[in-house]
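In the block that follows, a single chain appears as structure tokens, in the form predicted alone.
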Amino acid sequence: MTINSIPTLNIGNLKISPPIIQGGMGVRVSSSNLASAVANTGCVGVIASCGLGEYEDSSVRDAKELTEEAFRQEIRKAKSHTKGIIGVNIMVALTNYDDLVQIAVEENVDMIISGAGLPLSLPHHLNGKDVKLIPIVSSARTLKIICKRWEHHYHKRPDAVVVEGVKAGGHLGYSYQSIIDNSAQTLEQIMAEVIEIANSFEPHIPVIAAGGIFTGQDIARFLRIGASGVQMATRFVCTDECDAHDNFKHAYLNAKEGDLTIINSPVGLPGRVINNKFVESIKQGKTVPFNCRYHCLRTCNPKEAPYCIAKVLSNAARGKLDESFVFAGSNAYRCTEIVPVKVLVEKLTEELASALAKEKLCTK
């Protein structure tokens, strides 16, 4: 099988080949530099809207305006460096969610990917524009709820759906206990249930697998069980073009398998991080007192939060790892080098083509 015979991920009129969406990573890990480089390979480059702009020293009023203007500028910058497909990731939990969605629509992004809550009103902001809307779900039940609401209120279905499994990095849509005791459903199990629902519509809703996908062989495995494509984030951290500080990238290179651990985040969700002294201290109950000026997340209660998650993630993006932690997927320890995005995508494509060819031979 040749590389040219790899299936294309079709989302409406968008054709994505190889069928990979780069996962959105905040704060300032996947911005315009990474997104445009990924889009230039034929994949989808994604800008994470969370925490853009150097807002830390701004006033409350200025911070909101600064982050939103930074988001607009990152979209424009990415689009100026590629003719490929640019998407954005906007978390429902953000207090300025509606404003960020409006900016994305105004700037004519190709797609909005939205999770960390149910994006029930997302189609309201389209204003007739052809921006693809892609919710992130961790269960078939969630997709049912979104489809029912969108159809009833907006006569709209998702253009695709990302199914994020328990092996993903960052905040996870599972209970802390189910991750710790390994009782959460596997991505494969959830995919089967979601695909059944997605295929009940005509046309079918493309289903995109995410969480723990590391190699071209992994991509082939999910295509085989019915995925139309995959979303990958961890692999794109260790690239030259990733917007994060080199210290952030080297945390991946230096990690061992046992260093990946689960924390309870102040936003009310568990999160997968790379263990370090800061993580150990917060697990032991240490707090970092702060005055919340921005109220950036709906789900964060500053009076009870042991530390400011926005500040911690900003420190991480700046390379200040003594005062922060690094979000990472379960396979982060497998990253061994920093390479150009083009080289990474070529490797994944070759692995995928080889895996698909072997499968074809086995079925003859």
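All values derive from a computational prediction rather than experimental measurement. Just count from 1 along the sequence shown to find any residue number.
Just so it is clear, the following notes concern the form predicted together with a small molecule, a form of the same protein that is not shown.
Undergrad: Can you tell me if Gly24 lies within 4.5 angstroms of the small molecule in the predicted bound form, counting non-hydrogen atoms only?
TA: Close contact exists here: in the predicted bound form, Gly24 approaches the small molecule to within 4.5 Å, heavy atoms only.
Undergrad: Can you work out whether Ser265 and the small molecule are in contact in the predicted bound form, taking contact to mean some heavy atom pair no more than 4.5 Å apart?
TA: Taking the distances in the predicted bound form, the answer for Ser265 is no, it never comes within 4.5 Å of the small molecule.
Undergrad: Would you classify Gly173 as touching the small molecule in the predicted bound form, given a 4.5 Å non-hydrogen atom cut-off?
TA: It does not: once the small molecule is placed as it appears in the predicted bound form, Gly173 has no heavy atom within 4.5 Å of it.
Undergrad: Indicate whether the small molecule has at least one heavy atom within 4.5 Å of a heavy atom of Asp110 in the predicted bound form.
TA: No.
Undergrad: Tell me the stretch among 150-158, 256-264, 204-212, 276-284 that has any heavy atom within 4.5 angstroms of the small molecule in the predicted bound form.
TA: Careful reading of the contacts points to 204-212.
Undergrad: Just one of Gly169, Gly87, Pro119, Gly229 has a heavy atom within 4.5 Å of the small molecule in the predicted bound form. Which one?
TA: Checked against the cut-off, the match is Gly169.
Undergrad: Within 4.5 Å of the small molecule in the predicted bound form, heavy atoms considered, which of Ile134, Ala233, Ala78, Val137?
TA: Contact with the small molecule in the predicted bound form is made by Ala233 alone.
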